[in-house]
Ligand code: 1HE
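Before any questions on how it binds or moves, here is one chain, the form predicted alone, in structure tokens.
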């Protein structure tokens, strides 16, 4: 996997898992325009390069502090300039959410503003004890532009998102999991994210594609249209060649059973 990127590190593993690492630790991995373009490039290509699952992580003590406010301030952007930048953010995060490859985010430290928008585009979020979530746009005279009104509101609800933006409320520890900002809280988010990615990578790619793309598409449809689309996807996925051996093992009683830990 050959990528020309300066702000990301892409590390493939032999099992089909790929690590994508935010690599601006001195800036708390804040997202400048160049990083957004690199995210678009990487997540456009990974599905076609055979990635089975992705771990999204970060160098340094923080996952991502959001929009690079220094760049934004010095660029003195016009309204139309920033609108087009926001559209590039949407392009990057849509490539992630709808790309069909499971993305597991290993979170730590700040997951703030645009960093939370980035994390919310992943399919599974794993936090460690240092992780905290916030949307401080209101205090900075800003408004979200990278999909928080879509994804973060979907995770925590409109009322909680408005509270976060108006008051600067910070979520952390068990409360962050309880409101839906992360699915797992562990001591080592990187190790757990890699474990989950390797588990997901063992699924048939077509099944993962449906789970990590079709569900999001169906959420954007009317209930009637979603029911039809779900039936079509199920017809394709549930009759794929890759499922035959697994179903045969289930029929013979040799498949792994679903058991609580």
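Residue numbers count along the first chain shown, from 1. Because the structure is predicted, anything quoted here is derived from the model rather than measured.
There is also a form predicted together with the ligand; it is not shown, and the following applies to it.
Open or blocked, can you tell me? Superimpose the site C-alphas, put the ligand where it sits in the predicted bound form, and call it blocked only if 3 or more of its atoms are within 2.4 Å of a backbone or C-beta atom.
Answer open: no ligand atom comes within 2.4 Å of backbone or C-beta.
If you check 70, 49, 221, 234 against the ligand in the predicted bound form, which one has a heavy atom within 4.5 Å?
After the contact test, the surviving option is 70.
Could you work out which of 164, 103, 110, 92 is the residue within 4.5 angstroms of the ligand in the predicted bound form, going by heavy atoms?
Only one listed residue qualifies here, and that residue is 110.
Just checking whether residue 137 would be counted as a contact of the ligand in the predicted bound form - the rule being heavy atoms within 4.5 angstroms.
Heavy-atom contact with the ligand at 4.5 Å: present for residue 137.
Though only this chain appears here, would residue 155 touch the ligand in the predicted bound form if you measure heavy atom gaps against 4.5 Å?
Residue 155: no contact with the ligand in the predicted bound form.
So, in the predicted bound form, is residue 189 in contact with the ligand at a 4.5 angstroms heavy atom limit?
Residue 189: no contact with the ligand in the predicted bound form.
May I ask you to state whether residue 114 is within 4.5 Å of the ligand in the predicted bound form, using heavy atom distances?
Flag for residue 114 set to yes.
At 4.5 Å between heavy atoms, only one of the stretches 223-231, 194-202, 57-65, 207-215 reaches the ligand in the predicted bound form; which one is it?
The contacting stretch here is 57-65.
Would you mind checking 137-173 for residues with a heavy atom within 4.5 Å of the ligand in the predicted bound form?
Result: 137, 140, 142, 143, 144, 145, 146.
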